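Before any questions on how it binds or moves, here is one chain, the form predicted alone, in structure tokens.
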Amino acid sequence: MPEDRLTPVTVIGLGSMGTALAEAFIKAGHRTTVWNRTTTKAAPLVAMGAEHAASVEDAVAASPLVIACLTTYDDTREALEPATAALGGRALVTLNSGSPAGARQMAAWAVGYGARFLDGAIKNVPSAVGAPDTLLYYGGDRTVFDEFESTLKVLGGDTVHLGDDADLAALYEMAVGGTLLPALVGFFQGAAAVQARGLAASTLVPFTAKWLEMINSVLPIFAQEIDSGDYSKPMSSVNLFVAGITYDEELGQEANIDVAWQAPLHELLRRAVAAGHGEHSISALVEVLKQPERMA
């Protein structure tokens, strides 16, 4: 597409992710306006061809599509407050952390000032922005997504609209993100354990990657069990995981590492057994998570 037909874009917030977003738009030929409270962060982007707005109001007024990439919804509203008069009729896309409730509040605020609102999430690191397989998903005004889909795909080729509810991206972000910290802490525990034997943490990487591939392969099966409510044909039962609790504790003692972070997980397993799920699939834990008050 000729450069003069590409959608002008404004990027608000120039942290590591915001900078990566702006760089992707610049490299794709979009007229890109940037703004950040710390003005020095704009200098490298200006050197690449971006326009640095003197104020956030000027930044919003410069483009029909405004991408806000700050830390939280509160931060986004605070940054945009001086520019509310310029929001009317513009597409505002937020790419920040927060809860579904926060996304709904953000949507109400933006629409209240006449903006067309779309909330999104970037499911990768800044260095992956712009790659064909980088996933971004959005919830909110479908007309915004349809109008600017080709522009949004500059940020990642795997670009998905989840639905018209403004909180869907935040919902999926938190639902998917719940796997991140436990998986990382599990790897860190393993790293501490092998280092206690004088081995390098790097020796774990190929085996952990293979293990994660296995987990990926069984997720559809677990999802089907959860959706159907039938946990009677387990690949791995709750009781099998309960039997491993002793081994977790022994590893902590042998390697002199703190495995206390696993205690709530062990308690969840025991609650599942008490609820009659011992011989059921490990995916039956979702029933305990949905009704914790009944498992007390």
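One rule holds for the numbers: they count along the sequence shown, beginning at 1. Keep in mind it's a predicted model, so treat the numbers as computed, not measured.
Another form exists, predicted together with a small molecule; not displayed. Remarks below refer to it.
J.: Which of 122-130, 190-198, 216-224, 108-116 has heavy atoms within 4.5 Å of the small molecule in the model of the complex?
T.: Only one stretch qualifies here: 122-130.
J.: Residue-level contact is defined here as any heavy atom of the residue lying within 4.5 Å of the small molecule in the model of the complex; does Leu95 satisfy this criterion?
T.: Heavy-atom contact with the small molecule at 4.5 Å: present for Leu95.
J.: Is there a non-hydrogen atom of Ala59 within 4.5 angstroms of a non-hydrogen atom of the small molecule in the model of the complex?
T.: Judged by the heavy-atom cut-off of 4.5 Å, Ala59 is well away from the small molecule in the model of the complex.
J.: Even though the small molecule is not shown here, does Thr71 get within 4.5 Å of it in the model of the complex, heavy atoms only?
T.: Residue-level check for Thr71: yes, a contact with the small molecule.
J.: Should Arg37 be counted as a contact of the small molecule in the model of the complex, where contact means heavy atoms within 4.5 Å?
T.: Flag for Arg37 set to yes.
J.: The small molecule isn't shown here, but in the model of the complex which of Met17, Val288, Ala24, Ile282 has a heavy atom within 4.5 Å of it?
T.: The residue from Met17, Val288, Ala24, Ile282 that makes the contact is Met17.
J.: Name the single residue among Asp158, Glu147, Asp165, Asp75 that comes within 4.5 Å of the small molecule in the model of the complex, judging by heavy atoms.
T.: Here the answer is residue option Asp75.
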